[in-house]
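Consider the single chain below, provided in structure tokens and representing the form predicted on its own.
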């Protein structure tokens, strides 16, 4: 597949005319999917797909398009030639792009990735079915290789392959009560999966008890890694990009310009080296292994795309066009996971949140609702499930003045999105104990 992409890139070079330049990206996957419902396999299949996206450039004018690849050279070559012809016909009618920037220094790279996924997928499926025996298990298992490539007419060639699995699943009780879990990574570990199943089983038993409703107010809470991932992930929408900072639209404006800080224990990074996505982006710039966004509670750096770099006259750090993290990493703290309930004492254990959005962007205030297994805890002991509640809190209180502690253990969370292809976005998250967390209804 890698060699085939390079052959297509060479063919693209031969198709150029005059002063034309191209950049192109290659995306492919070979994925197994298994869907479960009521603890039984309902659908299983394998997806193999490849696509090529081309950006044709002449001076400061450029346009792009893409094709799906069949793997048949004659067919793909014909489609590629047609694509280039169509793109070339568009160029005379397009204005100059003053913010166009692409890599001109050649930095080729190759990361083949080691496939450590189970050779026997049936054994994994059998363990999932065992976990669901006597329960209503629903979910999707996706696993396989994801491949990305970049090439340009200057001779740069980049390749990245990774092999991962993601089992996104729930033990369903009834109504709006379920225990939602995810187990993702590069190596399937039966003992780790068994531990997740055991924890979910314990919480499922709690859901069988009558749910409680508590009054709005401020409570001590534990945000499990999945809940914290959604909260911190919301910052990706307008929090870290240079464009948002320079136009004063960032939700972290108080940090960037007024010196507001989070708790000293909070360090947030874009950690490409430990992610599952490519270490290069669509204009050919290489991503650094790590970009520290927030260090010990203080804002540090922005993600800078090539377009923002050109517009504002600063170096790019390899961010994609959306200037959003692809491998969000929150540093762990000193609280052992085994001590979470004791540290929480009396309060609310939040596994998941939903309908998350900003209620006040300037204050970085977020609103959302609890979901699935949200549990009431008294004196360090889980007592009962809670009915859905709405919260409204600022980042500066949640991860600032009211942060009690972050867990030492962290969880790798892979984005389960499959729109157009399996996502390579990831996050590594601890859990967080927070005091005086505000629930509005």
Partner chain sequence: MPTSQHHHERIVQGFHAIAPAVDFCSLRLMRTQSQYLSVRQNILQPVSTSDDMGAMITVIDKGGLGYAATSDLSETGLRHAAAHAHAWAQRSAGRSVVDFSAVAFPHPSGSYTSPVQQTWDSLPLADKIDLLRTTNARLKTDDRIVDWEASLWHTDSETLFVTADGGQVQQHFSYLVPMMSATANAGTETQTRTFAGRGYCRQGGMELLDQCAFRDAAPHIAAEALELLLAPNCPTGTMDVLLAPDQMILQIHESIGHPLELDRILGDERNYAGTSFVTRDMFGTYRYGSELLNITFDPTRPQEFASYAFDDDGQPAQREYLIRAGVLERGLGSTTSQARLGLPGVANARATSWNRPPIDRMANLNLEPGQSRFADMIAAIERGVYMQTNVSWSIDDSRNKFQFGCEWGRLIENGQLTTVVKNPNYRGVSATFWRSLKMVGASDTLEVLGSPYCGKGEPNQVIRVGHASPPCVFANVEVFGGE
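Numbering follows the first chain given and starts at 1. Not measured: the values here are computed from a predicted model. For the two forms, the rigid core is made up of the largest set of C-alpha atoms that agree within 1.5 Å on superposition.
Here the subject shifts to the form predicted in complex with its partner chain, a form of this protein not shown in this document.
**Q** Using a 4.5 Å heavy atom cut-off, which stretch among 266-274, 298-306, 191-199, 119-127 contacts its partner chain in the model of the complex?
**A** After filtering at 4.5 Å, what remains is 119-127.
**Q** Would all three of 41, 257 and 441 be in contact with its partner chain in the model of the complex, where contact means some heavy atom lies within 4.5 Å?
**A** Answer is yes for this spot.
**Q** Is it the case that residue 379, even though its partner is missing from this view, gets within 4.5 Å of its partner chain in the model of the complex, heavy atoms only?
**A** Outside the cut-off, so no.
**Q** Examine residue 154 and determine whether its closest non-hydrogen atom to its partner chain in the model of the complex is within 4.5 angstroms.
**A** Residue 154 lies outside the contact set for its partner chain.
**Q** Can you tell me if residue 49 lies within 4.5 angstroms of its partner chain in the model of the complex, counting non-hydrogen atoms only?
**A** Residue-level check for residue 49: yes, a contact with its partner chain.
**Q** Can you tell me whether residue 409 touches its partner chain? I mean in the model of the complex, with a 4.5 angstroms heavy atom cut-off.
**A** The answer is no: residue 409 has no heavy atom within 4.5 Å of its partner chain.
**Q** Quick one: of 287, 220, 147, 365, which gets a non-hydrogen atom within 4.5 angstroms of its partner chain in the model of the complex?
**A** It is 365.
**Q** Could you tell me which one of 90, 346, 115, 292 places a heavy atom within 4.5 Å of its partner chain in the model of the complex?
**A** The option sitting close enough to the partner is 90.
**Q** For the stretch 379-405, which residues lie within 4.5 Å of its partner chain in the model of the complex by non-hydrogen atom distance?
**A** Stretch hits, in order: 388, 389, 390, 392, 394, 397.
**Q** So, does residue 31 move by 2 Å or more at the CA between this form and the one not shown, with the core held fixed?
**A** Result for residue 31: yes, a 2 Å-plus shift.
**Q** Once you overlay the rigid core, does the Cα of residue 127 travel 2 Å or further between this form and the one not shown?
**A** Yes; residue 127 is a residue whose C-alpha shifts (by 2 Å or more) between this form and the one not shown when the cores are overlaid.
**Q** After a core superposition, would you say residue 69 shifts its C-alpha by at least 2 Å between this form and the one not shown?
**A** Moves: yes, 2 Å or greater.
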